[in-house]
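Next up: just one chain, as structure tokens, the form predicted on its own.
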Amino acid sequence: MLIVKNICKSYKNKQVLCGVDLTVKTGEIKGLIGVNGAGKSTLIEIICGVKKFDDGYIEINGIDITNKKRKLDIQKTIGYMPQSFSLFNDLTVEENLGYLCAVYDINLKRVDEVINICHLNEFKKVLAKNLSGGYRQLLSMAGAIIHSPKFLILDEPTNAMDPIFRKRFWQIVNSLKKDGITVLVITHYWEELVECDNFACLAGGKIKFNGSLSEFKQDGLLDIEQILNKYTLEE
């Protein structure tokens, strides 16, 4: 689904990404961890086409993201849920999703489908600004999947959620996986990393680890902080 090869990105004289290689296979949930400033957000913005990269190659669902003729195909393939709420506060849940249906030119019947998937039925007529933090994030998730993407990118999606909401959120993610959606998630929570099929650690502008949690359990590393320290302290 996603192939990232030797991606480099610099801001002025500072190199943020230094030859990043990352693969996400179709149908899997891939975790991405890294300390603040490691370059995670920059990498995600590049994958989504928001930022240009200096060197390297990225392919999504078999399409080179620099292929301008296939730009619309890539946009339809990706669903992106940002860290911060980015929909309209003065629109209701239903109105926000209806607006996105118009943007993507899809049938309004999809609104009720994603409202049901994201447990928002009782909040259809509620303004987004009046939702709790957890339900606002569920609305963000609904917006990210409104166009039925094949590849879903979640950027620290549960920061505003309590443990109960986080559990509910991951039930949604796993149900999407069963429907064939591939997921890349940035997280700082161990219990979320456990939900992933495998994960990558970004440190010093490079992917320093790409594999499963079982490899760390053998070394006695049992939380994200220990894993991050292992690779950050190597710098």
Partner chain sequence: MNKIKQFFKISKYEMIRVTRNKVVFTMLLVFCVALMLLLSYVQINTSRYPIAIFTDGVNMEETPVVQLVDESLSFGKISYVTSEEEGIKLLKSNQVCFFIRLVKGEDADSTTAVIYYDRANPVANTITASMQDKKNEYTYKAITEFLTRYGIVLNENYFQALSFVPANNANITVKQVPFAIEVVCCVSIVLMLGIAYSLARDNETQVSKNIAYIPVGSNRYLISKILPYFVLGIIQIALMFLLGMWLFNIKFQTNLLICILLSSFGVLSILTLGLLFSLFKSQISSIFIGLLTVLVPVFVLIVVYVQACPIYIQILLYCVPTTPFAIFISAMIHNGVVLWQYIPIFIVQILVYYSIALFITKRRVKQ
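Residue numbers count along the first chain shown, from 1. Keep in mind that this is a model prediction, so the values were computed, not measured.
The following text describes the form predicted in complex with the partner chain, which does not appear among the structures shown.
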query: Is Glu95 close enough to touch the partner chain in the predicted bound form, meaning at least one heavy atom pair within 4.5 Å?
result: yes
message: Under a 4.5 Å heavy atom criterion, is Cys48 part of the interface with the partner chain in the predicted bound form?
response: yes
task: Examine Ile117 and determine whether its closest non-hydrogen atom to the partner chain in the predicted bound form is within 4.5 angstroms.
output: no
- prompt: Quick one: is Tyr135 in contact with the partner chain in the predicted bound form, heavy atoms, 4.5 Å cut-off?
  reply: no
query: Which single stretch, out of 30-38, 203-211, 48-56, 171-179, brings residue heavy atoms within 4.5 Å of the partner chain in the predicted bound form?
result: 48-56
query: Is it true that Gln75, Val103 and Leu127 each have at least one non-hydrogen atom within 4.5 Å of the partner chain in the predicted bound form?
result: yes
